[in-house]
Every structure is written in structure tokens, then in C-alpha cells.
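Taking the form predicted alone, here's one chain by itself in C-alpha cells.
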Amino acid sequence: MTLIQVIINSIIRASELSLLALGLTIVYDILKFANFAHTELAMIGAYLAFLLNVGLGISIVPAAIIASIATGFLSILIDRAVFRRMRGSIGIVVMVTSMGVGIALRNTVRAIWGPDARNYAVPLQKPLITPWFRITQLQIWIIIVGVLAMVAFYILLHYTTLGKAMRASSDDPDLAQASGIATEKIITYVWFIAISFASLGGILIGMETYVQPYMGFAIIIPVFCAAIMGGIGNPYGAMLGALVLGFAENFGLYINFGKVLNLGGLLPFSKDLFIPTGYKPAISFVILIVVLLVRPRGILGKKKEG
């Protein structure tokens, strides 16, 4: 595998994770709790797209758009049925509740579709192959969608009334409410935006690999790692954290640690030593531990006052 291929793979991974980490961090920013059902809702979006695409024969692009919107509305219903009733509870209580919601969603999908992996009805396409890298049309679209989603969120946050209200509600909810901002309405919009983004990320992952009930559980650590590494509650930190993690995961598998250990031939260690691909999730754990030890608030996180 060439260096250029590793860079491309890292950008693709970062594009997927950023959509999920962004949604996770803006929910935390407004509601102040870690939503462990976040990636499970992304899985729900992936399965809704599968139902529309394979079950009803709808093309994957409109299926993905409809599924993302539908999952956004589902998150609003879950908020009103569960989380809205717990607004005054401490964060850890709501967090544990979100774990229960996530388990319920996962097992509901498993009961309906079974545990087997499934694929979208997307025709096989010839990849672009060069001496330096290999990339498919789907992977190109994953990068494009990721970039467009980030640009759209930036415009939303800085150039719309809703975005300004979201930032005000995040900085000081009481002052925002006293200023006439309907915080509950803002929370509804936040749920819809966050989970629609997450659903889109889940669909992209499902298109590149496959869809199965445990896909949400499988990506929860990288998503939380990206959000925390960038600075939980900071949307731009989530994007940066996803980019750093994407590069770290792929370069961690690419580097020959045998050459690192022998210090360029100075030591007698001569074996090649690579991290097996099965240990890729461990890279997320290691990076998260290092960041929490060195900079607990994350790369772009603000230092707490007092």
C-alpha cells in the first residue's frame, strides 16, 4: 500500500466519522449529556435506507435522503417520549438512559431483519486504478458528501437565525430563554440536524461495507474518540478529531514498527512488525487515552473556568 493510498483511506474514514461525531457533539453542547444511542440511530438510518433501496426498489440517493430525514424525525419523537422528561436530571442519569434506548433500538432492528449482514442494491463500479492509489466512485462521493455536509453546517451555524440561536442556547441557556429564544424549539432542531447527519454517516459506512444490527455498537468508540479528541461540545473540534483519528488509524496500520524499533538499523531487531487490522479499534482507545492524559479538554476544547 502506497503512502498516497493511506492518505486517501484516511480522508474517507474522516469523512464518515465527522458526520457522526458532529451530531454527537452538538447534542452534547446543547443538552449536556453523552448520547450513547447516537450511533444506534445512525444504524436505524442505514436500515431505513436499506428498506427503501432493497425492499422498495428506490435508488440509493433518494433512499439515503429520505432515510436521513425520517431518522431525524424519529429522534425528535424519542426526545419527546424519553429525554424531554429528563431535562432536569443530572447528565449521568440521562446518559445511562440513552444506553438503554440504544440497546432497545439495536435489538428491535435485530428482531426485524435478523443478525446477518446485508448490502445495498448498488451496482458494482469499476474503480479508478493508478500506480499510486485505488479509489472507487463511491469513495469519491463519500468525501464529497462529507465536505458538503461540513460546509452546510458552517453556513447554518454562522449565517442563519437558527444557527445563532443554537450558539446562544449553548453559551447560556437561561439567558437565551430570557432573551426570547424558544430553547425547546431549538432542541428539536438540534435533534433533527444531529441525527440526520449521523444517519447519513451510517448510510455511507453501510454503502462502503455492509449493514448489520451491531454496526452502531462497532463505531461508537471511534465516534466518541473523535468528538472527545477534538473537544466535546465543539463542532469544529469534532471535524478535526475525525480527521486526526482517520489518519491515526490508517497510518497505525501502515507503519512498520519493526523499523521504528531498530532505529534505522542501529539495533539488531530485524523483523517486520505491523499492527493487525483486527486491532484497528485499539488505536482509537490508545489515542483517546493519550489525549485525555495530555489535554483532557481536547484539541479545541475550552478550559473550564473556576
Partner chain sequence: MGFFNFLIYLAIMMGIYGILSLSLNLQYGFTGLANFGQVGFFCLGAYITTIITLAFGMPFILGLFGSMAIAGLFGYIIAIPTADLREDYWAIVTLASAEIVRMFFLNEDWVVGGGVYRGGAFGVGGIPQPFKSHFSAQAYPFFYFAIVLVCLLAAYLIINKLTRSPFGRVLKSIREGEDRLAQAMGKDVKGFRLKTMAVGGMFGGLAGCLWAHYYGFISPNQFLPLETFIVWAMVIVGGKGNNRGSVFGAVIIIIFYHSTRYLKDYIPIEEVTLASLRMVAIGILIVIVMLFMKEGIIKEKKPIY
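Numbering follows the first chain given and starts at 1. Being a predicted model, the structure only gives us computed values, none of them experimental.
The protein also exists as the form predicted in complex with the partner chain; that form is not presented, and the subsequent description refers to it.
Peer 1: Pick from 41-49, 54-62, 26-34, 242-250: which stretch has non-hydrogen atoms within 4.5 Å of the partner chain in the predicted complex?
Peer 2: Heavy atoms within 4.5 Å of the partner chain in the predicted complex occur in 26-34.
Peer 1: Going by a heavy atom distance of 4.5 Å, is Thr136 a contact of the partner chain in the predicted complex?
Peer 2: No, Thr136 sits far enough from the partner chain in the predicted complex that none of its heavy atoms falls within 4.5 Å.
Peer 1: Is there any non-hydrogen atom of Ile205 lying within 4.5 Å of the partner chain in the predicted complex?
Peer 2: It does not: once the partner chain is placed as it appears in the predicted complex, Ile205 has no heavy atom within 4.5 Å of it.
Peer 1: Decide whether Leu288 counts as a contact residue for the partner chain in the predicted complex under a heavy atom distance cut-off of 4.5 Å.
Peer 2: Yes - in the predicted complex, heavy atoms of Leu288 and the partner chain come within 4.5 Å of each other.
Peer 1: Although the partner isn't part of this model, could you tell me whether Phe192 comes within 4.5 Å of the partner chain in the predicted complex, counting any heavy atom of the residue?
Peer 2: No, Phe192 sits far enough from the partner chain in the predicted complex that none of its heavy atoms falls within 4.5 Å.
Peer 1: Given the partner chain in the predicted complex, answer whether the residues Ile92, Met95 and Ile221 all have a heavy atom inside 4.5 Å of it.
Peer 2: Every listed residue reaches the partner chain in the predicted complex, so yes.
Peer 1: From the list Met86, Ala168, Ala117, Leu156, which entry has a heavy atom within 4.5 Å of the partner chain in the predicted complex?
Peer 2: If I apply the 4.5 Å criterion carefully, the residue I get is Met86.
Peer 1: Looking at Ile76, Ile103, Val145, Leu162 here, can you tell me which has any non-hydrogen atom within 4.5 angstroms of the partner chain in the predicted complex?
Peer 2: None of the other options qualify; the answer is Ile103.
Peer 1: Quick one: name the residues from 223-240 with any non-hydrogen atom within 4.5 angstroms of the partner chain in the predicted complex.
Peer 2: Sequence-ordered list: Phe224, Ile228, Ile232.
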